[in-house]
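Only one chain comes next, encoded as structure tokens, the form predicted alone.
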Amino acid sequence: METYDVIIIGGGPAGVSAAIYAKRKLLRTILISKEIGGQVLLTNNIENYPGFVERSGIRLAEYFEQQLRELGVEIVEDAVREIRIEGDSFRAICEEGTEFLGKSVIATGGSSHRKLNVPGEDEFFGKGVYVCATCDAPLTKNKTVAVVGGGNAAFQSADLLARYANKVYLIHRRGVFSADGILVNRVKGHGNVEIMTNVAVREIKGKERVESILLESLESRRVFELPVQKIFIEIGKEVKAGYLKGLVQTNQHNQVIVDRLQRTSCRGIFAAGEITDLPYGQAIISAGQGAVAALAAFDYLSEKEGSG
């Protein structure tokens, strides 16, 4: 079986960037992902990715794939099910049964935003339903918006949105928050923010775009409709990197712990993007982490070859 210098798992900004930098270092590179683009495919309006002015996430993903093809990166449309250590190499076993050997691994794939799983959520995604206030806050200028969640991410989003929107509703299904107290106090200090507790979202409604959300009081069971033009879902992310289980150190959220060079606790395995414990989840940050991971992998392989 052919042995690659680096196996890259995931086709989002981190994986694509890692593949570009690895290939430019003349590393024998394979990228395994069911699709190229990752979560940018879910974004209709990208305004903060340097040099990209077309805004469409699908279009950006097309550019990603075009650049990979032009560089000659080998792409396998599959998902990694398991990584095994074999001597000083790694075996990637895919869902469809194919297997690949690599001297190093860069893991970038395996996270998604948690969903409310209510009617209208998928239908209006990108048409009033968003998961990144940092990306889309400028779109809320002079509008009425809602943020769903009770953790730091929700309060950080509400704090940011309060600077743009006329009115911000922060909706939480519990009576207490997991967010840091200083964040809670900061948000409460905004005159245009209204906090609603013990309330659950039951439906997101509209015609072509979001026009309102249907809410239920979990105390009185009263159902009522709240007019909003945008809703930001901030109830956390699910890290699905089971293929690394038992190999690398993770935190309480299942995120892979990395150092400043994207190195994990397992020598030869690097990680980048939203599966890591590094803060912020913007595409440009993930791309930067992917580049660092590839350069660190190159240094690792060079050192390994030199010592061998």
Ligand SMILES: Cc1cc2nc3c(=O)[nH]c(=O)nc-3n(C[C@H](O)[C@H](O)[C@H](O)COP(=O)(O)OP(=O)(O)OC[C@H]3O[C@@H](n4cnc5c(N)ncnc54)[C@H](O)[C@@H]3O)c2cc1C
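Don't overthink the numbering: it's just position in the shown sequence, from 1. If you're wondering where the values come from, they're calculated on a predicted model, not measured in any experiment.
Keep in mind that the form predicted together with the ligand is missing from the display, and what follows is about it.
Contact check for Arg28, Leu101 and Arg267: none of the three has a heavy atom within 4.5 Å of the ligand in the predicted bound form. Distance criterion of 4.5 Å from any heavy atom to the ligand in the predicted bound form singles out Lys240 from the list Arg69, His253, Lys240, Lys245. Among Leu139, Leu226, Val118, Ala79, the residue placing a heavy atom within 4.5 Å of the ligand in the predicted bound form is Ala79. In the predicted bound form, the ligand sits beyond 4.5 Å of every heavy atom of Ile231.
Contact check for Phe125: a heavy atom falls within 4.5 Å of the ligand in the predicted bound form.
By the criterion of a heavy atom within 4.5 Å, Asp259 is excluded from the residues contacting the ligand in the predicted bound form.
For Val40, a non-hydrogen atom is located within 4.5 Å of the ligand in the predicted bound form, even though that partner is not displayed. The chain is drawn here without the ligand; in the predicted bound form, the stretch among 211-219, 147-155, 71-79, 189-197 whose residues come within 4.5 Å of it by any heavy atom is 71-79. In sequence order, Gly273, Glu274, Gly281, Gln282, Ala283, Ile284, Ser286 are the residues of 273-300 having a heavy atom within 4.5 Å of the ligand in the predicted bound form; the partner itself is omitted from this view.
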